[in-house]
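The chain below stands alone and is given in structure tokens; this is the form predicted on its own.
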Amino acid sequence: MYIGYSEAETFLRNCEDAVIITHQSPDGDCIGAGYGLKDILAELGVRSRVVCSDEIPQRYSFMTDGIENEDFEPKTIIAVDIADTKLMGRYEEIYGSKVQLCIDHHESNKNYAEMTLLRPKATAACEVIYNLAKYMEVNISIHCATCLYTGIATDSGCFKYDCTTPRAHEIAAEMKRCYNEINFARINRYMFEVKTKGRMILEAKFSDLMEDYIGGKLVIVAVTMDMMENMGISAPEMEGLAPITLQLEDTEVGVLMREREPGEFKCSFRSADEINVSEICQTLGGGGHAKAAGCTIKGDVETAKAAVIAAVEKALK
């Protein structure tokens, strides 16, 4: 059932002992949404803990360090930035059928929760949570603001992607005015400029890994587990690389394929202009946004590539 801010406020003010689920392969938005909501619940006197199927990358430690995840038997299950229970990873079996509230911004949301606060035009889940906190007139702490800003900044590509709303700029301006203690420049530097040595090596090889299909309209970069091992890079270092697949002129769809397990590829799609990659990914069992979406394909690298090519070719026609 889709709900508005009023129903979400009523639920949060009356909930107890909440588990907040974030998606596997965590990014700035899901981490920021999870820990930002945790802060809001603390203001309401509600105990909560944030869970993620995968380890949270070190680069996001400024949001997670020193935050206590209390141990309790959960009475409330909340999902943030999760369009489909499949994205919960190992927590799908535990909590997938028990989610009472989902706060999300993906147009492909499966409406799996008892209640869903969905704003598909929002830049990020963190934008939705910030607006909810303002609606509720709850105090937004410095840590909470840091988390929510990070989510908005990362999902908008530092405010340059098409998904960036006027409200995202307004929130950033409000935070700049109200939170002088937050070093926004430092957050942006670590989110968008600082890279590990492994990431630099991979980016240097990126042009060699680009393969173009369908007359150059589709670019695929496939990275296998063996390649990652040889280059000395880890899965978290792959985050944020997908947009580079669109840098080749005339490309309409770019896809970064990363082998997550032997014979299983996480595919991140990006659209340069008119093509709705969320619709393409839904045909492959995934989903997301019109300009940024993803799916998982099982098989060897050539099988996975063939599936991507066929799906994109059908969409282009």
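In this text, residue numbers run from 1 along the sequence as written. Note that the structure is predicted; figures quoted are calculated from it, not measured.
The next section is about a form of this same protein that is not shown, the form predicted in complex with a further copy of the same chain.
Margin query: Only one of 272, 51, 292, 284 gets a heavy atom within 4.5 Å of a further copy of the same chain in the predicted complex. Which one?
Written below: By the 4.5 Å criterion, the partner-contacting residue is 272.
Check: Using a 4.5 Å cut on heavy atoms, which of 238, 246, 118, 145 is close to a further copy of the same chain in the predicted complex?
Finding: The residue in contact is 246.
Item checked: Non-hydrogen atom within 4.5 Å of a further copy of the same chain in the predicted complex for each of 10, 24 and 134 -> Checked in the predicted complex: no contact with a further copy of the same chain for any of the three.
Notebook entry, point to check: For the chain seen here without its partner, which of 198-206, 91-99, 223-231, 106-114 has a heavy atom within 4.5 Å of a further copy of the same chain in the predicted complex?
Noted result: That would be stretch 198-206.
Next item on the list: Answer with yes or no whether residue 76 is in contact with a further copy of the same chain in the predicted complex, where contact means some heavy atom within 4.5 Å.
Entry: Residue-level check for residue 76: no, no contact with a further copy of the same chain.
Item checked: Interface membership of residue 72, a further copy of the same chain in the predicted complex, 4.5 Å heavy atom rule -> No, residue 72 is distant from the partner.
Margin query: Residue-level contact is defined here as any heavy atom of the residue lying within 4.5 Å of a further copy of the same chain in the predicted complex; does residue 86 satisfy this criterion?
Written below: Flag for residue 86 set to no.
Margin query: Is it the case that residue 166, even though its partner is missing from this view, gets within 4.5 Å of a further copy of the same chain in the predicted complex, heavy atoms only?
Written below: It does: once a further copy of the same chain is placed as it appears in the predicted complex, residue 166 has a heavy atom within 4.5 Å of it.
Next item on the list: Enumerate the residues of 24-51 that have a non-hydrogen atom within 4.5 Å of a further copy of the same chain in the predicted complex, in sequence order, or give none.
Entry: Sequence-ordered list is empty.
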